[in-house]
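So this first bit is one chain, no partners, the form predicted on its own, shown in C-alpha cells.
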Amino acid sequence: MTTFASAQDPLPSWNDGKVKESIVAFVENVTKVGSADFVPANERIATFDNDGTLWAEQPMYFQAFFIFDRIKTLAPQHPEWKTKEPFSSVLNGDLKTALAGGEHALLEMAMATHAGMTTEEFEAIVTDWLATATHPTTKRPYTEMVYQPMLELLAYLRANDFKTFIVSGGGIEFMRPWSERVYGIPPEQVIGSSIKTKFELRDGKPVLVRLPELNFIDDKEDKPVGINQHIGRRPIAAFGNSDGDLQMLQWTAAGSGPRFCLYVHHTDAEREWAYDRESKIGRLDKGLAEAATKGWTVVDMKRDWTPIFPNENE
C-alpha cells in the first residue's frame, strides 16, 4: 500500500517498509558524527550499475537499439552488410537472429558502428540519437525510462556527501554525454566498457580517434577491476540488478566497516517487466541466492516502488 510521504521524506517514491528503512538507517549511521559506523565524507563512495538498475533494459539493452540504428544509417556505405551476418539480419528487421551470436555478435556490431570517428563526433551522434529515439514498447524517450526511486536515491546520497558513480557493462562514451543531465553523475564518475582510442592531428587539430579494438569490458569480475582503476577506493555501497553485478557487490561487502548492498528485483510485469533467473537480459539468479545468504537488501519493484518512472501517472 502506498504511503504518502511528508515534505521531509527524501525518498517519496519508495513505499514505507524494510527496504526503505534499511537505506535510511545505513545513511544515517555512516553520516552521524560520533557513531561507531561513521564514515568520513571522502570515503562515502556508492557505485551503481546502469542497465536495469538506473534505467530499464528490456526488451533489450538500450545501447543495442542505438547500434541497430547506426547499422541502418551506415548501411549505404557498407554494401557488404546486405549479405554479412549479423548485419544483414539487422537490416532485415530480424533482431532475434542478429543477436543469436550473443555478446560476440553485439561486440562486432559495436566495433563496426562506434569506431573510425573522433570522440567529439561520437558524442554528438549519441546526443542526437537520444534526442529523437523512443522505446519500442512505451514510446518514451530512453532518457525518460529511468527509475524515479533511483533518481531520488542518488540525490539523497549526494545530499549526505556520498560521491555516486556509474559502473556499467555499457559503453563508457555512450553513457557520458547524458549521465550528468539525467542522473546528476558527471562524466568523470562514469565507468564502463570501452574501445581503444589514439591521438591524431586532423587538419592541424588534436583529436582522439576511436579504433575498432576492444579496450575493456566492464562486467562481472571486471567491475571491481574498473572501480579500482578509476576510483582507487572500495565503495561502501553498491547497487545492481543482475548476476553481472554480483562481483561488484561481493567486493563492496568484503570491505571493513559498514557496508550496504542492494539488488533491484524486477517483479512488476504491469508497470515494467518481471524477470530474474531465466532472463537472457539482466539475469538475476546467483545474485538472489547471495543476497539471501548475506542479508543484502532486495527491492521488490512491485511492492516497494511507486511510481517506477518519472511522471508515470500523467
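Note that the structure is a prediction, hence the values are computed from the model and not measured. Residues carry their position along the shown sequence, with the first being 1.
Here the subject shifts to the form predicted in complex with another copy of the chain, a form of this protein not shown in this document.
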Original post:
in the predicted complex, does T119 have a heavy atom within 4.5 Å of another copy of the chain?
Top reply: yes
Subject >> Close approach of S89 to another copy of the chain in the predicted complex, 4.5 Å, heavy atom >> reply: no
Original post:
With the cut-off set at 4.5 Å between non-hydrogen atoms, does L201 touch another copy of the chain in the predicted complex?
Top reply: yes
Original post:
Does another copy of the chain come within 4.5 Å of any heavy atom of Q247 in the predicted complex?
Top reply: yes
Original post:
Going by heavy atoms within 4.5 Å, which of 96-104, 181-189, 135-143, 80-88 lines up against another copy of the chain in the predicted complex?
Top reply: 181-189
Original post:
Among M111, V207, A155, L74, which has at least one heavy atom within 4.5 Å of another copy of the chain in the predicted complex?
Top reply: V207
Original post:
What residues, if any, in 204-242 have a non-hydrogen atom within 4.5 angstroms of another copy of the chain in the predicted complex?
Top reply: K205, P206, V207, L208, N215, E221, P224, V225, N228, Q229, H230, I231, G232, R233, R234
